[in-house]
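Only one chain is given next, in structure tokens, and it is the form predicted on its own.
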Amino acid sequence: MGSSVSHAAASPPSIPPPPPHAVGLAGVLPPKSEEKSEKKVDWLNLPCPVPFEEIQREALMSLKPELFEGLRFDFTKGLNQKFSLSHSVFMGSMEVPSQSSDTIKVPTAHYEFGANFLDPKLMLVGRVLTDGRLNARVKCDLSDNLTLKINAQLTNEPHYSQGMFNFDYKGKDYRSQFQIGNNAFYGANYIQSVSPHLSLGSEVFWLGHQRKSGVGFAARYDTDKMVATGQVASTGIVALSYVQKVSEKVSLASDFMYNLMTRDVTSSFGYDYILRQCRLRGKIDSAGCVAAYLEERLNMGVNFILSAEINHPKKDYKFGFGMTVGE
């Protein structure tokens, strides 16, 4: 040890080595020239937006559950991979319009028979009710990008039958739709992705029977954690919605609507909670209405449904339960 010390003392002075912590940082940090740059946006390959009529679908899922009052039973039997039959029984009450503030309900019941044909390029759905109504839906893929949709409702009452033809075209980063309906209704909409998360759209319609027309604009911003939408129309409607995805199973939603013509303002807040065997959705709005909708999976192909709605200002209480059998 002594020879090595004396040799070090005899050697000329040298530059001291850098501190150990500096050496460690130098080995960890890459050179500035090799720093990872931010991912650039490919403006020529933007994602295809959702259809214009579905820009609020996440908010509607929580805020507009299929509430009902009474008893409902649905049964679906598949005959083969493409064709199935359905039966539905409903017993409950129906609200009748009245000039007073009290809610008038009339007992009602009906049976519904349906037939479904599902194919990758063709969907046919038909429903016949005991009160004489006939509902039909057709979806046909005319090409890889062009789809024809037909919705029709036929009734025995005059001037209540409706029909609508939709031609949907799906582009690379845009969607467009042209609509033709009864009462000389014509409509068209277009939505375009302007960034990976933002899409803008507009619509126009003409109702020749009532000689009314309108123009609307919409925007949608969506990420993995949230979805925000906004709509404004020349009819005086302003609608906003926001959905926060707390986790894969929990999401919160809120909406706001303002009618410039009537000066009415409504807003609501809702939630969507997916558990292991059930799905719970509920909302509360500015009118004092509280609602909840529960779907419980009892077994494979068997679901139990609970629906509840309480309107405190009108003292109107609705409760329904049902069962769905079949997929």
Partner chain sequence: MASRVSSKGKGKAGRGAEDGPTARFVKEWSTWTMKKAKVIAHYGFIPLIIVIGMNSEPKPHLSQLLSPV
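Positions refer to the first chain, counted from 1. Since the model is a prediction, treat every value here as computed from it, not as a measurement.
Only in words, not in the display: the form predicted in complex with the partner chain, which the text now covers.
Taken together, the three residues Thr147, Gly216 and Ala239 lack any non-hydrogen atom within 4.5 angstroms of the partner chain in the predicted complex.
Between the options Gln231, Ser176, Asn116, Asn151, the residue in contact with the partner chain in the predicted complex by a heavy atom within 4.5 angstroms is Asn116. Checking Val194, Ala184, Val246, Cys140 for any heavy atom within 4.5 Å of the partner chain in the predicted complex turns up a single hit: Ala184. Ala136 belongs to the set of residues with a heavy atom inside 4.5 Å of the partner chain in the predicted complex. Contact annotation: Gly132 falls within 4.5 Å of the partner chain in the predicted complex, judged by heavy atom distances. The shortest heavy atom separation between Tyr111 and the partner chain in the predicted complex exceeds 4.5 Å.
Taking the partner from the other structure, the partner chain in the predicted complex has no heavy atom within 4.5 Å of any heavy atom of Val250.
The stretch among 116-124, 231-239, 216-224, 195-203 whose residues place heavy atoms within 4.5 Å of the partner chain in the predicted complex is 116-124.
For the stretch 136-171, the set of residues having any non-hydrogen atom within 4.5 angstroms of the partner chain in the predicted complex comprises Ala136, Arg137, Val138, Leu154, Thr155, Asn156, His159, Ser161, Phe165, Phe167, in sequence order.
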